[in-house]
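This document starts with one chain, in the form predicted alone, laid out as structure tokens.
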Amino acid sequence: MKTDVLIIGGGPAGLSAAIETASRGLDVTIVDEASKLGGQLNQQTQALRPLPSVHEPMRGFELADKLIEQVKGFNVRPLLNHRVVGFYADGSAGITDEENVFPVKAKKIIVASGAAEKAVAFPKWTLPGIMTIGAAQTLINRDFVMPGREAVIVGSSDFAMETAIQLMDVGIRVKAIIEKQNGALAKEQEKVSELSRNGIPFYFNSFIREARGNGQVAQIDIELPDEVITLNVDLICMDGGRAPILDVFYQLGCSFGFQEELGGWVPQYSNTFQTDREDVFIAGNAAGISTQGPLLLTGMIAGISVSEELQAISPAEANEIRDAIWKELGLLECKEVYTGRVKHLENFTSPVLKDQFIS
């Protein structure tokens, strides 16, 4: 199979890149392991903010439906329930549907592989009933399953606060927010205030000392600054942060740099979101952990840049559009993340890791 643009990952950034490239007449193929395009947006029932100016305020699953509907109008070939398993010597991607493997030869590749949640380890943390906040959200919003009746949240990011509110909305009693830092980490303080107004206690400078249960978590000990308390719970939702998914970049031989603000090791890329491989571009959380609005913009920049490389848009027009998107990215993205992203660009010509495999 041949295509102009192969996009690996059909989440918000991948879909944005697909719209930018396919709307300019390019043949686009999206490969995604899931059975539906949209990625985590499909599980998100909360209102997303801030979003790029091309989108009105809406909830996550509504945005997913909008983006999916947009790509249907263009020459976009989705390969769902497929994944990339490697690359051939001629640069073709090896794609599998778990029964067959076939090559896809693309002029340009955009990798929007997303991010993976990190767990929070403590004694007995593998007991059933202990899961990441993303897993809890998926059970509730996609599978319509109640993951428990009495819960605690470990972590206090915006994502953790959103999940706590969703748990309450479906009738799960949230008994505590446990945070090892000395304050809530959420940028949107109104969510913290909403939980406080509902009587949810925040335990700062605290952590879970141990979980207990016979085949299912039933009880936890929480180490507070001056005492240890015990709570009976059947659900623990952990927020250990997220890290970019980088496997494909290792296989492609891309260079890496380290930026704490972007989630750790990240492929090195320029302001066009081109990696040090001329045929490989990057978008979304793989280029640095951020919120949905900025992720959409990174996909748009990658799509514009690939369109320019394939002469579907003039360099002058591409530069004008790209400059405008970068300005909006600076407005929408958390200041710390944006600053880290700009620092990362400055190291494009001097990556920390080059021509080597890390794991």
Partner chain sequence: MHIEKHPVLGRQLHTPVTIYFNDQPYQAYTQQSVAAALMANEIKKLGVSRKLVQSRGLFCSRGRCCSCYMTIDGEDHVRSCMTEVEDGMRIYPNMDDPEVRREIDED
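Residue numbers count along the first chain shown, from 1. No experiment lies behind these values; they were computed from the predicted model shown.
In what follows, reference is made to the form predicted together with its partner chain, a form of this protein that is not presented.
Q: Identify which of 185, 222, 200, 140 has a heavy atom within 4.5 Å of its partner chain in the predicted bound form; exactly one of them does.
A: Checking each option against its partner chain in the predicted bound form, the one that comes within 4.5 Å is 140.
Q) Though its partner chain is not shown, can you say which of 79, 177, 195, 130 has a heavy atom within 4.5 Å of it in the predicted bound form? A) Contact residue from the list: 130.
Q) Among 204-212, 113-121, 272-280, 67-75, which stretch sits within 4.5 Å of its partner chain in the predicted bound form, heavy atoms only? A) Of the options, only 113-121 has residues within 4.5 Å of the partner.
Q: Look up in the predicted bound form whether residue 230 has a non-hydrogen atom within 4.5 angstroms of its partner chain, and give yes or no.
A: Because no heavy atom of residue 230 falls inside 4.5 Å of its partner chain in the predicted bound form, the answer is no.
Q. Looking at the partner-bound form in the predicted bound form, is residue 265 within 4.5 Å of its partner chain by any heavy atom?
A. Contact check for residue 265: no, nothing within 4.5 Å of its partner chain in the predicted bound form.
Q. How about residue 97: is it within 4.5 Å of its partner chain in the predicted bound form, going by heavy atoms?
A. Looking in the predicted bound form, residue contacts with its partner chain do not include residue 97, since no heavy atom lies within 4.5 Å.
Q: Verify the contact flag for residue 51: yes if a non-hydrogen atom of it lies within 4.5 Å of a non-hydrogen atom of its partner chain in the predicted bound form, no if not.
A: Residue 51: no contact with its partner chain in the predicted bound form.
Q. So which residues in 137-171, when you check its partner chain in the predicted bound form, have a heavy atom no farther than 4.5 Å from it?
A. Those in contact are 138, 139, 140, 141, 142, 143, 144, 145, 146, 147, 148, 149, 169, 170.
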